[in-house]
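As structure tokens, one chain now follows by itself in the form predicted alone.
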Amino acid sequence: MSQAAKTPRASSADAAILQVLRPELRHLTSKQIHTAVRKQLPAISLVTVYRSLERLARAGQVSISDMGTGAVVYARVTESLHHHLICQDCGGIVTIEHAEVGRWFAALSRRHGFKVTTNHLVLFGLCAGCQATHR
């Protein structure tokens, strides 16, 4: 059997990855995605997952973010954009709706003639609980 026959086609890999990322607000590393996709496509390699993630990101179907975990995470792009506040101390994550920052993105675009293309803003700081323990 040739290597091409053993390797999942890009379209099946893309579809499997999108299926894994389907649950709303789910952010996974490439290794977590690879582990999950292997249940459906046992022969898929980590390299194939990386290539599919790059292709899906270029197509605007998947976002890539640094959530402070030491590895980038991927999420499926949906119509309901969201953003995060992440506590650098306890690792807590607060999800905020796009409406809270959308006007700011628009104002920056107008003021600087800059088209904001990000779909995932991540801000790091200290949550209220950790602020209280650091006083």
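Not measured: the values here are computed from a predicted model. All residue numbers refer to positions in the sequence shown, first residue = 1.
Form predicted in complex with a further copy of the same chain: not shown, discussed below.
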item	value
Interface membership of V94, a further copy of the same chain in the predicted complex, 4.5 Å heavy atom rule	yes
Any non-hydrogen atom of A36 within 4.5 angstroms of a further copy of the same chain in the predicted complex	no
In the predicted complex, Y50 touching a further copy of the same chain (heavy atom, 4.5 Å)	no
4.5 angstroms heavy atom contact with a further copy of the same chain in the predicted complex for T29	no
Residue among C87, V73, I44, V62 with a heavy atom within 4.5 Å of a further copy of the same chain in the predicted complex	C87
Heavy atom contacts to a further copy of the same chain in the predicted complex at 4.5 Å, residues of 92-112 in sequence order	V94, I96, E100, V101, R103, W104, F105, L108, R111, H112
